[in-house]
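Before any questions on how it binds or moves, here is one chain, the form predicted on its own, in C-alpha cells.
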Amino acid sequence: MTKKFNVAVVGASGMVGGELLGLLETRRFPVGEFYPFNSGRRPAKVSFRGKKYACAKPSLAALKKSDLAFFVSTDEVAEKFAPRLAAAGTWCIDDSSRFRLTPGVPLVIPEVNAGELKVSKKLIAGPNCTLTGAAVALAEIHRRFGITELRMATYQAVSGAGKAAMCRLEEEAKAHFKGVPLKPGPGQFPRPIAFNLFPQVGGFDEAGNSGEENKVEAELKKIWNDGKIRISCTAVRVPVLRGHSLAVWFTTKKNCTEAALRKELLCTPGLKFFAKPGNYPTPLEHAQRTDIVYAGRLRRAHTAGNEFQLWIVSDNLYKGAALNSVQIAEAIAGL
C-alpha cells in the first residue's frame, strides 16, 4: 500500500498554490489529510479532490500536523515557519527565495540533482523560475562537455510577478485600444508593460545588476555544483502572460559538434528538443500548463569555436514553481 502523506500548503489560495493543488490531484500524489493555509488577512476557500476547504492562518502547531508542507508564499512566511517545522521532522518544500542559497539547504530540480534529497535534510528549496529552463536543458551537456561560460537573455512573462501583474497587463492592453495613455501601476512594474518590454526584473545593485540577474547566476552555480562557471544574464520582462523564454549562448570546455550536442539534448530528462532548424517552441504554443522544458534553434555561434546558441521555453508556473515542488515531493515519497 502506498504511504500517504498529510499535506499542508501555505499559500494555497494564491496563483501558484492553485496550480500546485491541481497538480497534486492530477498526478495522484498520495495525500492523506489536507491542510490549506493563507495569510489570514481575508477569508479564502480552495477546492481539492472535490471538497471545499477554508484556508487558515498558519501556526507552527497547526503545521506540525502535516508530514509534508509546501510553502508557496513569501520569504517572510517561509523564514518564520519552515526551519522550525523541518527541525520537528516535517518535510518542507519552499518555493520562495529565502533558503535557496543557504548552506546545507538543497536547491533541487529533480531531473538535474535529485541526489541532493536526503532524509537528514528536511528543508528543501525550489529554484528561481527563470533559470529552471536552462538548468534542465543544459544539464547533460554540462556533465559531458563542461560548460565554462553561459550568457543568457531572458524574456519573462508577467505571471512571474503574480496574478495582479497579469491583470495589469490586461488592463493596460484594454486602455491602449481605448486611446488612454499607459502608465505603470503602483507596486507592479517600473514601466508600462502592454506593447512594451523593459530590462528590469527586481531592483538594481551598485554594479547595475538586477535582483533576478544575480539570482540566475548564484542559483545555477549551486544547482550544477560548479562555482567556476562564468554566467552573465540580462533579465527582461515582456508582455506575455505565461511562459518564460531564454536565448542562451554557452561555451564548452571539451570540443564538440552540433551533432553531439543534438544527441545529448534529445535524451535529456525533462526536455523536448526541436531538432529541425525551422522548428522551435514558443510560450503561447508550448508553455501553457506543461510539465517539460522545450528547446530549439541549436546552432554554433560565430564568435568562438566552442560557443553554441540555444532557444529555451518553459512554463514558469509549472516547471518553474508548482510542478517542480510536486516533483520534489514525489522524489521524497520514493526515498
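From a predicted model like this one, the values you see are computed outputs, not experimental measurements. In this text, residue numbers run from 1 along the sequence as written.
Missing here is the form predicted in complex with a small molecule; even so, the following discussion is about that form.
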**Asked** Pick from 89-97, 199-207, 109-117, 147-155: which stretch has non-hydrogen atoms within 4.5 Å of the small molecule in the predicted complex?
**Response** 89-97
**Message:** Counting any non-hydrogen atom inside 4.5 Å, which residue from Ser39, Gln288, Gln309, Thr282 sits next to the small molecule in the predicted complex?
**Reply:** Ser39
**Message:** Considering non-hydrogen atoms and a 4.5 Å limit, does the small molecule approach Ser245 in the predicted complex?
**Reply:** no
**Message:** Given that the small molecule is not shown alongside this chain, does Ile193 nevertheless sit within 4.5 Å of it in the predicted complex, heavy atom to heavy atom?
**Reply:** no
**Asked** Could you tell me if Leu24 has a non-hydrogen atom within 4.5 Å of the small molecule in the predicted complex?
**Response** no
**Prompt:** Wondering, does Gly211 line up within 4.5 Å of the small molecule in the predicted complex on heavy atoms?
**Reply:** no
**Asked** Looking in the predicted complex, is the small molecule within 4.5 angstroms of a heavy atom from every one of Ala139, Val216 and Gly270?
**Response** no
